[in-house]
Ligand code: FBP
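Only one chain is given next, in structure tokens, and it is the form predicted on its own.
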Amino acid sequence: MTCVSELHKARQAYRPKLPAVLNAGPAVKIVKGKPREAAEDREAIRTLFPATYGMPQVRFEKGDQSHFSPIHVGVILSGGQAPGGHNVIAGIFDGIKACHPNSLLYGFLGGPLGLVENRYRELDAEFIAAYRNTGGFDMIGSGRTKLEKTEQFDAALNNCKNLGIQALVIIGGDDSNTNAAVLAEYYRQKGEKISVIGVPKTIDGDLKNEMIEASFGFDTATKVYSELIGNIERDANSAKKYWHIIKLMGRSASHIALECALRTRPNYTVISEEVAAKKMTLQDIVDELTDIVVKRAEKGDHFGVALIPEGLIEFIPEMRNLIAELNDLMAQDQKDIEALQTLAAKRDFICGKLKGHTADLYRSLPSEIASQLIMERDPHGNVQVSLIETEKLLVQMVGAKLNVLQAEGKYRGKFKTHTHFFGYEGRCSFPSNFDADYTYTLGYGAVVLAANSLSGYMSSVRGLAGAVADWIPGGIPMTQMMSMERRHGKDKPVIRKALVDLQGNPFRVFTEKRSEWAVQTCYIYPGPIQYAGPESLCEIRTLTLELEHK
């Protein structure tokens, strides 16, 4: 990194803040709480994780421990990028060096596969310095390899032993931390001393609970998306002739869409969890958006902005049932389906395998959507919903309904549209000050857990809505967050995703305002992330976090 921007230089000079309890280094007291049960399917999880089930949550308090032996730690970046990943690694490095100057940190290259194939590099102070407070995962790269085979576990163990590694830190989302939980269980059952610690990463915001208040990257990504949405709102309000339909990342939950809606006040936002709770159909959503378009046109406003979560299609009950059947079908008959030459042939084959109503539904879909639903699955067996152009489907269906209303004399407007998908734009930004501090603390906390020989834990920090000095770091057993889920046609243990709470403050505030935002033009233009200046600009939290703590 010889050529860098001025902002890059300034961010490298930023010194992340730590909670007061960690300011003196990793010499802390471990305070244990009560043993914790799994989130759901407790007997099944207990059976699968007998060695790491029922462990207590822990928090750190100031202690008087003053001596640590050198510790060797391996670190893995897993899954999609999220702003702040490099600072987790910086926090780990500084933490192990505070334990003992002879401690070593190894970064496995390309994600979990690097651990299995023994591809690594030692991470030293000079190398890490170039990546502090920067976005992306390019320091050591990432990957989505699923660790689930005994030979993978044994290869990873052998590679760690050869490097003298006593602890592995896996930085990732729910699936990546499920990898970490399985690995921790396997090593405990074998009597191996190596600790496995997870770190909660995902811009989607769906890896959280009462102890994990936020996954890192969510703060930064939603601020980036909100800036872009605000820019589009300003453009729409200037040109006054386009409807912009914006799909946002969030496959399994609508946290991003909700946060961005609260920040920018668009005319329409779909919250997938509400769609599922109300058992809404695709046509119901089309009717809602069409109604807003008509009402704004009656005021002379032939423009607007709508936000759509990328995972919407999986929350529409009729579509969710179809996708579940398709997932099982693709797991069983993928080779036969891929051998067919035309979409028509594939559709006929699939409809012959599907049940009743789902076969009719699949046959009725536009060819583009039908094709996108049977594309190659992700490594976890899920449909790749980011590739399903839901935003274009909605434009097509709303346009068709407006044509009918126009013919009936019930709509006198012009429906010109632009569609957008904001995804990769938010995953690798320079982290906000919040994410820079949060990820550094998570990495430092992971070292404390590892130095105390704890395994099967996720590094956690509570009190995130307050000042960094008052944050409460600790650890949460990964089995506490687990439930069983259908994957590749089989029931598998996974860390449960946290959906938008329809009884929570963020959603309540949204529902109180959305009718006004729909017809009036109430746009807010947040602008770019601020890294320096008054705290009111550069230390702001997500509205989601602030409202959840009220």
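All of these numbers come straight from a predicted model, not from anything done at the bench. Note that residue numbering follows the sequence shown and begins at 1.
We do not show the form predicted in complex with this ligand, though everything after this point is about it.
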Answer key, this ligand contact in the model of the complex at 4.5 Å (heavy atoms) among Gly110, Gly136, Gly80, Gly413: the residue is Gly80
Report the residue, out of Ile271, Val385, Ile476, Ala90, that has at least one non-hydrogen atom within 4.5 angstroms of this ligand in the model of the complex. Val385
Partner-facing stretch of 201-209, 158-166, 397-405, 456-464, counted where any non-hydrogen atom is within 4.5 angstroms of this ligand in the model of the complex: 201-209
Proximity of Glu310 to this ligand in the model of the complex, heavy atoms at 4.5 Å: yes
My question is simply whether Arg144 lines the interface with this ligand in the model of the complex - judged by any non-hydrogen atom within 4.5 Å. yes
Would you check, heavy atoms only and a 4.5 Å threshold, whether Arg251 touches this ligand in the model of the complex? yes
Arg427: heavy atom within 4.5 Å of this ligand in the model of the complex? yes
